[in-house]
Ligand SMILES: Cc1ncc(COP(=O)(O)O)c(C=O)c1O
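For reference, the chain that follows is the form predicted alone, supplied as structure tokens.
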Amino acid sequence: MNAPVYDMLKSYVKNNPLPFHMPGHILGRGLIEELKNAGRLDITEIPGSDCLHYPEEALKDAQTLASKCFGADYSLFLVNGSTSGIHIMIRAIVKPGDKLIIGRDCHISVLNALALINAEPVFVRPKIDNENQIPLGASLEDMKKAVSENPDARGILITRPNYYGIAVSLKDIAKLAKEYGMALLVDEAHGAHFCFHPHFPAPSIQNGADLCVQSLHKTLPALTQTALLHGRNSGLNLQNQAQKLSSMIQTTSPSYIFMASIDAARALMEKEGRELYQKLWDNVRRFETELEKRTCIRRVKISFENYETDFSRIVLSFNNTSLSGYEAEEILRTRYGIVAEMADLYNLVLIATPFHAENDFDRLIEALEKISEDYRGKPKTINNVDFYDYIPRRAVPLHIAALYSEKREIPLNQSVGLVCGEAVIPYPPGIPVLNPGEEISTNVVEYLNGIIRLGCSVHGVKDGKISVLNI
């Protein structure tokens, strides 16, 4: 395994050093038993360990290997997750007062980044699969309209794939961005694995993105909080700016365990990824056959032009049962010990990786078969609460509303016509229904009440109350 950071740490520990430097646990001595082994690799910037902010040795080599593996011109290690990468991408091209065209299905970190630099989003509504009530992502046609109406925008930011594993075709959007001299940024947090098997959608950085961010921990064998920022040497020349911002935004005490995890995950997947994902492909296909044969639960498949799907993201529809997605998630977790990634009103989303064994899928099928028997054909309990894709009217600039306005909390049912003070986010997937500065409508209140009643956790609504601006 060619993993420079991991190899450097093993070599350091092998020499049996006596540290009189941080971290204070001294190579794991002071840690609880379960963390001692990991702690032996937890060091700081010392001679020979290199420095993430000025990489010249192992870290420089590791980032170069990552860029070659993932098909980028350059790659940067992120130890503060994809959130830090999103802040870096946006700050690299957007200045105070600028506009950025983004899908309304973006992650909350995109809005936070814009709020911090006093920039405004231009929202593009995602296309919706009405049959399955899931968002597909912003279409090329809607992007063209947004760009033509906002030619002064600094760039386009696409979320690809979304939480349901759906990836919009990128090549034409990349051509559109280039035509208008805009940067194309891609939040590919859920697509770090795309380059390891031909059945996945094509990686964004190989299809016209100027910058993209990937969360290794979401789908690859890496620790939580690890991510990569990939860049392409296009005419925009963003590399120096991205490197400078990476150093400014990330911690000055980056975890060497995290960086070794990024390095080792890349090395393993580069060597064995194709074979590992082929086994997963076979397991998922077998699972799908058994699901159709033994249950009334349906795997959601989409067939829309210019959209692709990730075969490892398993979306299950419970429309043929009496259960909501939230209820199905709770039953699967509490009765059968199987924990899904997320649920919505109608569906359950599971992330399958190469490290799921064949018997894991057998256990899942057995649980779903029993749920199907118990809840097949019973009356529905859902009262037509459809996916909320409306874009509220902006009443106060995002920067002012998010950071500098006085706020108060009032009952959600009394908030119609007022201005939202904090982001309101069903979580997961972390996509805001309301952002600071947006007007609260009757429709959005009814939607929030509906999903809360059915068991959805909504950040920004606490004890039935919501934050509004004190104006």
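Residues carry their position along the shown sequence, with the first being 1. Computed from a predicted structure; not experimentally measured.
Keep in mind that the form predicted in complex with this ligand is not shown, yet the notes after this line are about it.
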property: The single option of 94, 86, 297, 76 touching this ligand in the model of the complex, heavy atom within 4.5 Å; result: 86
property: This ligand: the contacting residue among 312, 324, 261, 215 in the model of the complex [heavy atom, 4.5 Å]; result: 215
property: Every residue of 159, 163 and 187 near this ligand in the model of the complex, heavy atom within 4.5 Å; result: yes
property: Stretch in contact, per heavy atom within 4.5 angstroms of this ligand in the model of the complex, of 249 to 257, 277 to 285, 231 to 239, 216 to 224; result: 216 to 224
property: 4.5 Å heavy atom contact, residue 204 and this ligand in the model of the complex; result: no
property: Exercise: residue 81 in contact with this ligand in the model of the complex, heavy atom 4.5 Å; result: yes
property: Exercise: residue 193 in contact with this ligand in the model of the complex, heavy atom 4.5 Å; result: no
property: Residue 107: touches this ligand in the model of the complex, heavy atom cutoff 4.5 angstroms; result: yes
